Each structure stands twice: as structure tokens, then as C-alpha cells.
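Quick heads-up: it's one chain on its own, the form predicted on its own, in C-alpha cells.
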């Protein structure tokens, strides 16, 4: 069952990160960092990386550092998104947001520290991938995390509030805010698997579409999910005037769009046969978790 797989995977990621931080010098930021990334969350991005690794027979040992790095980046972005100066959310993963627990200044610094820890994890001398692969992975993660990726997408998300935007503009924003990190999850595996530039770019695009599907699923949850299921406040997008495909298209058309997107994604990975079983189940879960 995928929920059991997600829990097993999340526990594995949490354990690795706890052990990694334990070996470092202690600081006042360790507690808020761990609070923001370790307890709670499905770690679905790491799960997807492991799933993609199975397509190319890449062992988890070859991917674990990057998987943990991805979850650090994701959690940093959530800590910052929740701040009063951005989305002003007080609940995250069923508990007080990091800034509610530790204060705004500490939350900013903890988020920054998780961001930089991600690159430390990838460049660690004990992580056994080639130097060339490390450089390429770091460059890709930087591009997907900064102004051309997550940060840029969040900026657009804030700027689009209470404004009428075209479908293409919303898709572009959501692909940056959510899709780019999924893009990285696929592309990074391609880098480890020594795929060609064209193959790595194709993998990235596939990941980006899965990220868009994930964002659409989040939008559906905001409308019809429960606070307990989502782990945060619901029905807040409309109140904040968020520009979403759901608000622009309406529920039925947006769901049809998401379902067609899911079908196209599944068709793309059919060629991998049984090796794609776990990835297919994860993709089904992304949309199906809402209902």
C-alpha cells in the first residue's frame, strides 16, 4: 500500500538527516531546522526520486543524499511561504508553523540553513557520485530553487493575488513554484544514470508536469479537503485572491484538465514496464489523495 511505502520512505529520510546533522557542530538553529523538515510531511519528492531511480536501476544509496537535499529545499520553501510577509499561514503539517513555534527571525534563518544544507549534502566528500555529477546536480538544484524556480514562482504567486491572469500565466507560475523541484527530482536521476542531455531535459519536463499535477491536487484539497487531511488551513486561496487554474476554470474543468494531465504522464512512463509500477502508483496517489 502506497501510504505504508510513503511512511517507510519518510522515516528513512528523517533518520538519514538526523544522523547527518548529529555529526555537525551544534547550533541554536538545529531544533527549528529539524522541526521544519523532519516531523510530518509525506516526503513525496524523495519517494518520486527513488521511484525514478528504479526505471534506470539506480540504487537508493546513490540517491539518498539528493533525496534528503530535495526535502530540505522543499521544507525551507514552506517555512518561508508561511511567514506573515508572504502567505501568513499559522499551521503546517498539522502543527504550528515554524515561525509560530520559534519566531519569525528564527524561521527565516532556519529556512536559510536548510537551503544551504541541501548543497552541503550533495557535495559531501563521502557521497559516492563523481565530481562531475555533483557539479551538474548542484547547478540544476540551484536553478530549480532560485529566481527561475521556487523563489521566482512564489514571487509570481504573491504578485498574482487579486488579479485576473491568463491560463498560460498561471501554469507558468505553478510550474516554477511547484513544478521545478519535481523537474529536478527527475533530472537529477538522469544525471546519476549518465543519460544524454536530451534525455535529461525530457525527464525534467515530465517531472515538471507531475509538479503541476501536484499543485492542482493541492488546489482541490484547499476546496474539498479537511483540515485534518491537509494539515493546514483550508479554503484560504479564494480568501487571499490566489490565481489558480481551479478559480479560473471552475472545479469540473480543472479536474478534467488534471485527470488528462495524469493520463498523459502515465502514458510517458509506460515504456518502462514493471519498473514503472511504483512511480505509476505515486502519480495515481498524487491526484487520488483528494477524494
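Numbering follows the first chain given and starts at 1. Note that the structure is predicted; figures quoted are calculated from it, not measured.
Although not depicted, the form predicted together with a small molecule is the subject of the following passage.
- A heavy atom within 4.5 Å of the small molecule in the model of the complex is found for exactly one of 136, 89, 218, 143: 218.
- When you look in the model of the complex, the only residue of 113, 106, 202, 154 with a non-hydrogen atom within 4.5 Å of the small molecule is 154.
- By the criterion of a heavy atom within 4.5 Å, residue 183 is excluded from the residues contacting the small molecule in the model of the complex.
- Although the partner is absent here, residue 44 lies within 4.5 Å of the small molecule in the model of the complex, judged by heavy atoms.
- Shown alone here, residue 76 lies within 4.5 Å of the small molecule in the model of the complex, counting heavy atoms only.
- Taking non-hydrogen atoms only, residue 81 approaches the small molecule to within 4.5 angstroms in the model of the complex.
- This chain is displayed without the small molecule, yet in the model of the complex the stretch 175-183 from 127-135, 160-168, 192-200, 175-183 comes within 4.5 Å of it by heavy atoms.
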